[in-house]
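Just one chain is shown here, as C-alpha coordinates, and it is the form predicted alone.
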Amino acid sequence: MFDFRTRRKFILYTIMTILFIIFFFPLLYMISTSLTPNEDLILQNMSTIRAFFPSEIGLKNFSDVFQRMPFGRFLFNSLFIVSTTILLGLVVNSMMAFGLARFNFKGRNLIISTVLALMIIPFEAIAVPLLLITNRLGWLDSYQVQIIPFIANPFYIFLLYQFFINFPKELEEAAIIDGANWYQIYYKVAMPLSKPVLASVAILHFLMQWRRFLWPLMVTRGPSYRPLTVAMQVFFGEYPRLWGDIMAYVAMMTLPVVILFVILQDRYVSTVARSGIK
(Lines give C-alpha, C1' and ligand atoms only; values in the text may rest on other atoms or scores of the structure.)
Protein backbone atom coordinates (compact mmCIF):
# COMPACT_ATOMS: atom_id res chain seq x y z
CA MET A 1 0.00 0.00 0.00
CA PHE A 2 1.17 3.45 -0.90
CA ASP A 3 1.31 6.00 1.86
CA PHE A 4 -0.46 9.33 1.57
CA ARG A 5 2.61 11.22 0.36
CA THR A 6 3.35 8.67 -2.37
CA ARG A 7 -0.25 8.67 -3.59
CA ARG A 8 -0.28 12.44 -3.61
CA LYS A 9 2.88 12.55 -5.72
CA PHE A 10 1.47 9.90 -8.07
CA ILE A 11 -1.73 11.89 -8.62
CA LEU A 12 0.23 15.11 -9.06
CA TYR A 13 2.61 13.62 -11.64
CA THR A 14 -0.30 11.99 -13.46
CA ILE A 15 -2.10 15.32 -13.76
CA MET A 16 1.12 17.04 -14.88
CA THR A 17 1.71 14.34 -17.51
CA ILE A 18 -1.82 14.73 -18.87
CA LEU A 19 -1.42 18.52 -19.03
CA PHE A 20 1.93 18.12 -20.77
CA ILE A 21 0.37 15.88 -23.41
CA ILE A 22 -2.51 18.31 -23.93
CA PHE A 23 -0.19 21.27 -24.47
CA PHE A 24 2.60 19.41 -26.28
CA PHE A 25 0.61 17.72 -29.03
CA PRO A 26 -0.44 20.99 -30.77
CA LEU A 27 3.23 22.04 -30.80
CA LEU A 28 4.26 18.65 -32.17
CA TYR A 29 1.59 18.91 -34.85
CA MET A 30 2.77 22.40 -35.78
CA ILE A 31 6.43 21.35 -36.06
CA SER A 32 5.73 18.14 -37.97
CA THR A 33 3.41 19.88 -40.43
CA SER A 34 5.86 22.72 -41.01
CA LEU A 35 8.60 20.18 -41.82
CA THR A 36 6.43 18.24 -44.30
CA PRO A 37 7.22 19.61 -47.78
CA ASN A 38 4.41 17.76 -49.55
CA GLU A 39 1.09 19.63 -49.25
CA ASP A 40 -0.90 16.65 -50.53
CA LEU A 41 0.64 14.49 -47.82
CA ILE A 42 -0.30 17.10 -45.19
CA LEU A 43 -3.95 17.07 -46.31
CA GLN A 44 -3.97 13.29 -46.47
CA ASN A 45 -2.61 12.86 -42.92
CA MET A 46 -4.32 15.87 -41.35
CA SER A 47 -6.92 13.86 -39.42
CA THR A 48 -4.71 10.87 -38.61
CA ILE A 49 -1.96 10.07 -36.14
CA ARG A 50 0.54 10.09 -39.01
CA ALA A 51 0.32 13.89 -39.03
CA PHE A 52 2.50 13.90 -35.89
CA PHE A 53 5.22 11.77 -37.48
CA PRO A 54 5.95 12.97 -41.04
CA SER A 55 7.39 10.51 -43.52
CA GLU A 56 9.02 13.34 -45.47
CA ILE A 57 11.05 16.13 -43.87
CA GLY A 58 12.30 19.32 -45.49
CA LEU A 59 12.57 23.09 -45.12
CA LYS A 60 10.62 23.95 -48.27
CA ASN A 61 7.71 25.45 -46.31
CA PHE A 62 10.03 27.85 -44.49
CA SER A 63 11.62 29.06 -47.70
CA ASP A 64 8.16 29.46 -49.25
CA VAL A 65 7.18 31.85 -46.45
CA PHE A 66 10.08 34.16 -47.27
CA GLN A 67 9.30 33.96 -50.98
CA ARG A 68 5.60 34.69 -50.62
CA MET A 69 5.93 37.67 -48.25
CA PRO A 70 8.56 39.95 -46.60
CA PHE A 71 8.69 37.83 -43.45
CA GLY A 72 12.04 39.30 -42.40
CA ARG A 73 10.56 42.79 -42.36
CA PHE A 74 7.59 41.69 -40.26
CA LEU A 75 9.89 39.84 -37.86
CA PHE A 76 12.08 42.92 -37.44
CA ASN A 77 8.99 45.06 -36.81
CA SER A 78 7.72 42.74 -34.09
CA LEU A 79 11.11 42.35 -32.42
CA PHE A 80 11.80 46.09 -32.48
CA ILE A 81 8.35 47.05 -31.18
CA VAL A 82 8.29 44.41 -28.45
CA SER A 83 11.89 44.83 -27.26
CA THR A 84 11.63 48.63 -27.16
CA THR A 85 8.34 48.46 -25.28
CA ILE A 86 9.76 46.01 -22.74
CA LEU A 87 12.99 47.94 -22.11
CA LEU A 88 11.23 51.27 -21.66
CA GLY A 89 8.47 49.59 -19.70
CA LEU A 90 10.87 48.03 -17.22
CA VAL A 91 12.38 51.44 -16.51
CA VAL A 92 9.12 53.40 -16.31
CA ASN A 93 7.10 50.81 -14.40
CA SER A 94 9.89 50.01 -11.94
CA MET A 95 10.59 53.69 -11.24
CA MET A 96 6.93 54.39 -10.56
CA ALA A 97 6.59 51.26 -8.41
CA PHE A 98 9.73 52.15 -6.46
CA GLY A 99 8.49 55.68 -5.85
CA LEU A 100 5.08 54.48 -4.66
CA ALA A 101 6.64 51.86 -2.40
CA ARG A 102 9.39 53.93 -0.79
CA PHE A 103 8.01 57.48 -0.55
CA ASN A 104 5.11 58.81 1.50
CA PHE A 105 3.47 61.82 -0.10
CA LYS A 106 0.03 63.34 -0.40
CA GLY A 107 -2.11 61.48 -2.92
CA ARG A 108 -0.03 58.30 -2.78
CA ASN A 109 -2.96 56.09 -1.77
CA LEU A 110 -5.10 57.64 -4.50
CA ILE A 111 -2.48 56.81 -7.12
CA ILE A 112 -2.23 53.22 -5.87
CA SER A 113 -6.03 52.88 -5.96
CA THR A 114 -6.05 54.29 -9.50
CA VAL A 115 -3.43 51.77 -10.59
CA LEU A 116 -5.55 48.95 -9.15
CA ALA A 117 -8.67 50.29 -10.83
CA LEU A 118 -6.94 50.53 -14.21
CA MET A 119 -6.04 46.85 -14.03
CA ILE A 120 -9.67 45.80 -14.53
CA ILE A 121 -10.31 47.98 -17.59
CA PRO A 122 -9.93 45.92 -20.80
CA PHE A 123 -7.95 47.41 -23.65
CA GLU A 124 -10.95 47.14 -25.97
CA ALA A 125 -12.72 49.76 -23.84
CA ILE A 126 -10.08 52.41 -24.60
CA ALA A 127 -9.02 51.30 -28.09
CA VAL A 128 -11.24 53.74 -30.00
CA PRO A 129 -10.47 56.83 -27.85
CA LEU A 130 -6.78 55.95 -28.04
CA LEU A 131 -7.06 55.62 -31.81
CA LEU A 132 -8.59 59.11 -32.07
CA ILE A 133 -5.82 60.59 -29.90
CA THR A 134 -3.01 58.98 -31.86
CA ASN A 135 -4.66 60.01 -35.12
CA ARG A 136 -4.66 63.64 -33.99
CA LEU A 137 -0.99 63.32 -33.12
CA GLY A 138 -0.27 61.96 -36.59
CA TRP A 139 1.14 58.70 -35.29
CA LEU A 140 -0.82 56.24 -37.42
CA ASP A 141 1.22 53.70 -39.35
CA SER A 142 4.38 54.18 -37.30
CA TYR A 143 6.46 52.50 -34.63
CA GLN A 144 5.65 54.94 -31.85
CA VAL A 145 1.92 54.30 -32.06
CA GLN A 146 2.61 50.64 -31.26
CA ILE A 147 5.15 51.36 -28.50
CA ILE A 148 4.31 54.46 -26.47
CA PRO A 149 0.74 53.54 -25.38
CA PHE A 150 1.97 50.26 -23.86
CA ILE A 151 5.11 51.31 -22.01
CA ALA A 152 3.32 51.95 -18.70
CA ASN A 153 1.14 49.10 -17.51
CA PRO A 154 -0.83 49.10 -14.22
CA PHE A 155 -0.46 45.35 -13.70
CA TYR A 156 3.33 45.48 -13.93
CA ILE A 157 3.46 48.58 -11.76
CA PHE A 158 1.47 46.79 -9.07
CA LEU A 159 3.58 43.62 -9.41
CA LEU A 160 6.78 45.60 -8.95
CA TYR A 161 5.18 47.66 -6.18
CA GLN A 162 4.44 44.47 -4.26
CA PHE A 163 8.12 43.59 -4.51
CA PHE A 164 9.50 46.98 -3.53
CA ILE A 165 7.09 47.39 -0.61
CA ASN A 166 8.84 44.45 1.07
CA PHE A 167 12.30 45.64 0.15
CA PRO A 168 14.53 45.74 3.28
CA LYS A 169 14.92 49.28 4.53
CA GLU A 170 18.27 48.37 6.06
CA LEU A 171 19.79 48.26 2.59
CA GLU A 172 18.50 51.75 1.85
CA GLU A 173 19.77 53.10 5.14
CA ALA A 174 23.20 51.57 4.55
CA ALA A 175 23.32 53.10 1.06
CA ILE A 176 22.29 56.52 2.41
CA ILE A 177 25.02 56.34 5.04
CA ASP A 178 27.49 55.63 2.22
CA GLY A 179 26.35 58.84 0.53
CA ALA A 180 24.02 57.41 -2.13
CA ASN A 181 21.04 59.39 -3.33
CA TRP A 182 17.65 57.86 -4.14
CA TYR A 183 18.43 57.43 -7.80
CA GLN A 184 21.61 55.50 -6.92
CA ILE A 185 19.65 53.39 -4.43
CA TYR A 186 17.13 52.57 -7.15
CA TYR A 187 19.70 51.86 -9.85
CA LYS A 188 22.54 50.21 -7.88
CA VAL A 189 20.69 48.54 -4.99
CA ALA A 190 17.05 47.88 -5.81
CA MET A 191 17.33 46.94 -9.49
CA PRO A 192 20.13 44.34 -9.17
CA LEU A 193 18.17 42.58 -6.42
CA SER A 194 14.97 42.72 -8.49
CA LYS A 195 16.15 40.49 -11.33
CA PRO A 196 13.66 37.64 -10.68
CA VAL A 197 10.61 39.89 -10.68
CA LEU A 198 11.99 41.93 -13.58
CA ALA A 199 12.45 38.72 -15.56
CA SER A 200 8.87 37.72 -14.80
CA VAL A 201 7.61 41.13 -15.89
CA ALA A 202 9.71 40.96 -19.05
CA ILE A 203 8.31 37.56 -20.04
CA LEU A 204 4.71 38.55 -19.29
CA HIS A 205 5.14 41.83 -21.15
CA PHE A 206 6.76 40.04 -24.07
CA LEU A 207 3.90 37.56 -24.35
CA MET A 208 1.30 40.30 -24.20
CA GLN A 209 3.00 42.48 -26.80
CA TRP A 210 4.09 39.64 -29.08
CA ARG A 211 0.54 38.37 -29.54
CA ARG A 212 -1.12 41.79 -29.72
CA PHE A 213 -3.38 41.90 -32.77
CA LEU A 214 -6.28 44.36 -32.45
CA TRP A 215 -4.23 47.53 -31.99
CA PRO A 216 -1.69 46.91 -34.80
CA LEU A 217 -4.59 46.02 -37.07
CA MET A 218 -6.22 49.37 -36.29
CA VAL A 219 -3.16 51.59 -36.66
CA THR A 220 -1.09 50.02 -39.47
CA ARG A 221 -1.92 50.61 -43.12
CA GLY A 222 0.82 48.72 -44.94
CA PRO A 223 3.71 46.27 -44.57
CA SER A 224 6.25 48.93 -43.51
CA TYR A 225 5.24 48.85 -39.81
CA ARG A 226 3.08 45.73 -39.74
CA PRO A 227 3.99 43.15 -37.05
CA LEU A 228 3.85 39.39 -37.43
CA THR A 229 0.37 39.00 -35.94
CA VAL A 230 -1.34 41.22 -38.51
CA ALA A 231 0.79 39.81 -41.32
CA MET A 232 -0.33 36.35 -40.22
CA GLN A 233 -3.95 37.25 -40.93
CA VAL A 234 -3.01 38.53 -44.38
CA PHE A 235 -0.92 35.43 -45.05
CA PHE A 236 -3.72 33.12 -43.87
CA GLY A 237 -6.19 34.84 -46.20
CA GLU A 238 -4.07 34.36 -49.31
CA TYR A 239 -4.93 31.62 -51.77
CA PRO A 240 -3.97 28.93 -52.31
CA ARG A 241 -4.03 28.27 -48.56
CA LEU A 242 -1.03 26.01 -47.97
CA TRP A 243 -1.07 24.54 -44.48
CA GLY A 244 2.61 23.67 -44.55
CA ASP A 245 3.53 27.31 -45.18
CA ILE A 246 1.10 28.48 -42.51
CA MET A 247 2.56 26.11 -39.92
CA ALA A 248 6.08 27.17 -40.89
CA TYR A 249 5.06 30.80 -40.35
CA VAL A 250 3.60 29.96 -36.94
CA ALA A 251 6.69 27.95 -35.98
CA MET A 252 9.00 30.87 -36.76
CA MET A 253 6.67 33.19 -34.87
CA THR A 254 6.78 30.89 -31.83
CA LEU A 255 10.57 30.54 -31.80
CA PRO A 256 11.40 33.94 -30.16
CA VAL A 257 9.00 33.16 -27.30
CA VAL A 258 10.70 29.82 -26.67
CA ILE A 259 14.17 31.39 -26.81
CA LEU A 260 13.20 34.12 -24.33
CA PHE A 261 11.71 31.62 -21.91
CA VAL A 262 14.78 29.35 -22.10
CA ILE A 263 17.04 32.32 -21.33
CA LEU A 264 14.96 33.64 -18.44
CA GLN A 265 13.36 30.45 -17.10
CA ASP A 266 15.56 30.25 -14.00
CA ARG A 267 14.61 33.75 -12.94
CA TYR A 268 11.01 33.36 -14.07
CA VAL A 269 10.35 30.40 -11.79
CA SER A 270 11.88 32.24 -8.85
CA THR A 271 9.23 33.89 -6.72
CA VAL A 272 9.35 37.37 -5.27
CA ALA A 273 9.76 35.87 -1.82
CA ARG A 274 12.96 34.16 -3.00
CA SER A 275 14.36 37.17 -4.81
CA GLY A 276 18.01 36.69 -3.84
CA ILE A 277 17.90 38.97 -0.77
CA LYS A 278 19.64 37.09 2.00
Partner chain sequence: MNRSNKTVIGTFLTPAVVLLMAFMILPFVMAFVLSFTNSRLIPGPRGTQYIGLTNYQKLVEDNMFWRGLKHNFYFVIIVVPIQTSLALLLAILVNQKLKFSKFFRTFYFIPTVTAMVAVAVVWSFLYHPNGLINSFLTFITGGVWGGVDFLNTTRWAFPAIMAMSIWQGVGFQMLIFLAGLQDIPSSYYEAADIDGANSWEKFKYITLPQLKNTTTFVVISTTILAFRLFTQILVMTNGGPQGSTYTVMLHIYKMAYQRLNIGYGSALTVVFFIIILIISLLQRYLLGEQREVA
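Residue numbers count along the first chain shown, from 1. In this text the structure is predicted, and so the values were computed from the model without any measurement. Each form is matched to the other, and the largest set of C-alpha atoms that superpose within 1.5 Å is called the rigid core.
Here the subject shifts to the form predicted in complex with the partner chain, a form of this protein not shown in this document.
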is_contact(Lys188, the partner chain) in the predicted complex, heavy atom dist at most 4.5 Å:
no
Is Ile57 one of the residues lying within 4.5 Å of the partner chain in the predicted complex, judged by heavy atom distances?
no
Since only the chain is shown here, I'm wondering whether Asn38 would be in contact with the partner chain in the predicted complex (any heavy atom pair within 4.5 Å).
no
I'd like to check something about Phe76: if you look in the predicted complex, is any of its heavy atoms closer than or equal to 4.5 Å to a heavy atom of the partner chain?
no
In the predicted complex, residues of 14 to 49 near the partner chain [heavy atom within 4.5 Å]
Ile15, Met16, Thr17, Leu19, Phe20, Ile22, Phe23, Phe24, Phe25, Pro26, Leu27, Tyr29, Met30, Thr33, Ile42, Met46, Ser47, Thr48
Core-aligned C-alpha movement of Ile42 between the shown form and the other one, 2 Å or more
yes
Honestly, after the rigid core fit, is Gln233 moving at least 2 Å at Cα between the shown form and the other one?
yes
Aligning on the core only, does the CA of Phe52 end up 2 angstroms or more away between the shown form and the other one?
yes
